[in-house]
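In the structure tokens that follow, a single protein chain appears in two forms: structure 1, then structure 2.
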Structure 1
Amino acid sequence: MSTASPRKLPMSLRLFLIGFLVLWVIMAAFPFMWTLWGSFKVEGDFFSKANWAFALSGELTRVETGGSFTGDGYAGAWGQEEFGRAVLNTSIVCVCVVTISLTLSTLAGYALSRSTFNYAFWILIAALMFRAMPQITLVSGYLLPFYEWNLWGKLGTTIIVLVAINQPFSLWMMTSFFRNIPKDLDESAMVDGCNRFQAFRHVILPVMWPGVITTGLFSFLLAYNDFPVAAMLLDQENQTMIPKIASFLGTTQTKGNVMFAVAAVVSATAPLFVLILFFQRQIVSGLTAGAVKG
């Protein structure tokens, strides 16, 4: 019995789709590539009002540094302005937020997904309402105890608030993922002698790993890209990367500070590309976790 071969798209449509894809990639990649190129120029070239082509040719860069490219922006950001300290602070915040959020949301999501009581639905609704609140509202509620306990300015305050902001979203995602895993797996494991936690740890969690990675990545991005919470709660010594970059562009401009910001932006963005490329398979698997069947 013959099977029909898949229908091929017309050549004109294929060319249109390829052209559209190429154009989309160029438009998406151009801002970062342009910023990366400009980070090796001096401010007079990259922000030239007289001739935008200076950003390509590097006329003033050659005059000031003797070459078409310079690493002064990176040297100033990492050396003079101690951007590395902000990177370390961001790393600490991200690791703590992801670890705490994933631990709580994984356990709570599993419990809610397996619960037969109505309160599970209302807990999720309350979490959704909490997530819809403006972040500034949550921050203002924490300010008084942070001041009274002399915690303002320390990294722990930002970690607490970011976990509180991120927890409803992580809880919803993990609950959704767990509900797509058949309950028969739990029951089979417990028939074989596992208790509820052992069934969760040894049977359910390995199946859920792509979903855990996807949720963890979203939690990481929330903490990594946060500005309002860190700007309000952290002092200058404990600044994370985004507020540190903003400080380069303050009301009082110093020569070179703008290029420090450009170099810092590239330094902060590049790791995200590596992270997405490294975890792309797990992310796709996690986002399509609903395809799991019993």
Structure 2
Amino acid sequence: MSTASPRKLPMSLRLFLIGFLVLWVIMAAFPFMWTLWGSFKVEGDFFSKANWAFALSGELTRVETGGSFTGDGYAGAWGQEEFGRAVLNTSIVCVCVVTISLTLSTLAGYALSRSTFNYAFWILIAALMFRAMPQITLVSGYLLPFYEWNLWGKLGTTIIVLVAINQPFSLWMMTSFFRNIPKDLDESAMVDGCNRFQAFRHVILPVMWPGVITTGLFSFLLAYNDFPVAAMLLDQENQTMIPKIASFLGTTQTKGNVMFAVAAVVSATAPLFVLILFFQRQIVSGLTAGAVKG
């Protein structure tokens, strides 16, 4: 490609590429801006039978509430429907999943990257196959035992399940990060008299943080974005954000309170925006980590 010389592109091709990029940016960003704007309107404007432009001008919002913008959706979702509790549950789940998952996958990933045994290879292949299994197929295996042993509905159960489901991916990622840390580093520490654990503790631990942060980000995204596991394994009390939004659709669409769901969707999206804003580089490096290895 013409990485080194973007200026040399002929005018027509450049215009075409710019046009394509503008189109893509609109496709990627417009739905979110539209929903953010619409979340401050009433339902009659956000879903307008008469004229789609009402969603911009807020005709009915002015008629119904007096102002062009209204926070009714947010008030309904956070006040009446107690979305805050779902947010709290999600925070607990995310923090626990990320911490536990990182601990397990850091230890295992280190060993896998330093091992030359056949079974290390097979563990990784098994992990790849686990990664390919749809999560809902595992959930159908959990339900009956969890009912019987009275584990169903609890936050702790969901956390452990998510940690396990997250392991295959984290293992691959941590292994590929540790492979980039030269073996000589810990081997020279062992020559100096450390055992494996001391070498890990004193030599590897201080230099592994970029990999840990990236893997942690993806563990967080998995826990935050999860729907099938949380929807099937948590009771009403412990519901997390995403199943809560899904349940809004079931119950409130009939009551005409779909704006609650819109407000909740915007609330759930905001943290992810901030996350990309701060960790864009880590996310990109994480997405390509597996690929560059081939």
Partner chain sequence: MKHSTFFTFVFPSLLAMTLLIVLPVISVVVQSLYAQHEQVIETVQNCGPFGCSDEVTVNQEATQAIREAEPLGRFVGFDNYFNRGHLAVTEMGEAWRTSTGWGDWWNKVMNLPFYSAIVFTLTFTFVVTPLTIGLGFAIAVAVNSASRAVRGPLIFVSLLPFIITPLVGSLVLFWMVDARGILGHAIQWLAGNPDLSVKASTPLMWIMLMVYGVWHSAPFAFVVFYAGLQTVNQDTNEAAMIDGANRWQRVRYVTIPHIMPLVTFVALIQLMDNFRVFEPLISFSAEAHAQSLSTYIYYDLGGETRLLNSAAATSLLTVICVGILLSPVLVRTWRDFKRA
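Residue positions are counted from 1 along structure 1's sequence. This structure is a prediction, so every number in the text was calculated from the model and none was measured. Only the largest set of C-alpha atoms that superpose within 1.5 Å between the two forms is called the rigid core.
- Legend: structure 2 corresponds to the form predicted together with the partner chain, while structure 1 does not.
- With the core held fixed, the Cα of residue 94 is displaced between structures 1 and 2 by less than 2 Å.
- After superposition on the rigid core, the Cα of residue 124 moves by less than 2 Å between structures 1 and 2.
- In this overlay on the rigid core, residue 27 has a C-alpha that sits 2 Å or more away from its partner position between structures 1 and 2.
- Taking the core as reference, the Cα of residue 192 moves 4.6 angstrom between structures 1 and 2.
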